[in-house]
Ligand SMILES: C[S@@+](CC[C@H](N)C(=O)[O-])C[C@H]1O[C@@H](n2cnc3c(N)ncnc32)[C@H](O)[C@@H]1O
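Consider the single chain below, provided in structure tokens and representing the form predicted alone.
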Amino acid sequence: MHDDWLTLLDARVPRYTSYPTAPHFHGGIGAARLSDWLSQAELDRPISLYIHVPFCHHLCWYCGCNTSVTKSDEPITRYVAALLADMERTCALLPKRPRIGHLHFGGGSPNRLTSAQFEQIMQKVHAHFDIESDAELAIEIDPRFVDDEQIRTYARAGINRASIGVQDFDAKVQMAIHRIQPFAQVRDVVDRLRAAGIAALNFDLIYGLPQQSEASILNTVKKTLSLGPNRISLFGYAHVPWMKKQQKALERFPLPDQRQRARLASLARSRLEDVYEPIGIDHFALKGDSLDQAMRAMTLRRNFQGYTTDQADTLLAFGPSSISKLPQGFVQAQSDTALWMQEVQSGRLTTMRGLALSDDDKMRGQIIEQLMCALSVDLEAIARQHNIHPAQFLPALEVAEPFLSHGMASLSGFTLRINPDWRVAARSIAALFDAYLEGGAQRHSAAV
């Protein structure tokens, strides 16, 4: 890999789990706008639900999530009460009772909830939503802190997918990132989840962590393959200590440079692709998995949880910093948990900021999602759909020339295709169509 290729992939670009991305949301979208959008919601199709749990047992130094550590259940009890009140108030604004096709508990660590607290939330979900018989109900799990009663509770509630934070199995890496999690412990949790009937499992792996080596990441992948999760995410570590102060602790160790990161990613991907189908830029799925089927059917989508089969136009999100997506735009809740609870207790919607989608936003979002999901986009077809001339895309295509000349992508007429061997370039190429990027580029992590 030549240095000029590395320079192209060193650009600070978004992960594009939405477009426009969250740094461009603004305070001009508040509770009144959300109330209007909710009252106008078209609910003939199933929607999605996201529930944020901003608590953990333990702080991991690499983490970029909106979370805090609490040893007591009391703050969580108060949080759950506020969450239920917020859900009640929000649902009262909808024109009719929605159906759910996807439900995701994220965090933080959702298994920081006690079984009773989790059941309280699910009871409220059932009170306001109808869950489709084939709905995907997923929960993120920290395998260090999940017991048998919790697993039984999840199974009774219909949870059918669990996402396990693995990151890395190497003991030196785990010491460096402050997350000690032996392989045997993860294997035990996998066995218990499967025994309870929660068979669809995702693993999250990270490259670019301190103390990682080529040998250690290959060993992590080998151990991962031995457990046979249905899906694997391979993310590059995003070092943003100006946003997450605990990440400064990782600077006691040398962080892999861009060349090392690219090598670690390449080795891990190559080994994973021996067994799994590559999905988009950083996901892998067993052949025949619904994510693999969606990719082949060209129905793969991308949202705040990454790649998904979810086709919903509406995502309702609850909890601090959570982002709802409606056809009209995005709405993000207050990010500070204490302030978020004050808003709920004051009888207000918790909206802090958002963005109303323009026609140009929708068009560019479509282009970016197709590049991120299908690794190709027919710009002429999109131009026809939006009643514009495809020549509007010529400036972006001119800037794409370095990617074309290095074989990372090809252009035939107005059809832009990313070379599957260079799928890691998708974020950088998608960014060429981002009308907002220049002002917020420094907020993002490197593409590889």
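Numbers for residues come from their place in the sequence shown, where the first is 1. As the structure is a computational prediction, the values presented were derived from the model and not from experiment.
Although it is not shown, the form predicted together with the named molecule is what the next lines describe.
- Interface residue among Gly165, Pro256, Gly101, Gly306, judged by heavy atoms within 4.5 Å of the named molecule in the predicted complex: Gly165.
- Here is the short version: of Gly108, Gly354, Gly208, Gly319, the single residue with a heavy atom within 4.5 Å of the named molecule in the predicted complex is Gly108.
- Residues with any non-hydrogen atom within 4.5 angstroms of the named molecule in the predicted complex fall in just one of 199-207, 291-299, 365-373, 82-90: 199-207.
- For the marked spot (Glu140, Pro143 and Arg179), a heavy atom within 4.5 Å of the named molecule in the predicted complex is present in each of the three residues.
- At least one heavy atom of Gly64 is located within 4.5 Å of the named molecule in the predicted complex.
- In the predicted complex, the named molecule sits within 4.5 Å of a heavy atom belonging to Ala238.
- In the predicted complex, Gln332 stays away from the named molecule, with no heavy atom inside 4.5 Å.
- The shortest heavy atom separation between Thr153 and the named molecule in the predicted complex exceeds 4.5 Å.
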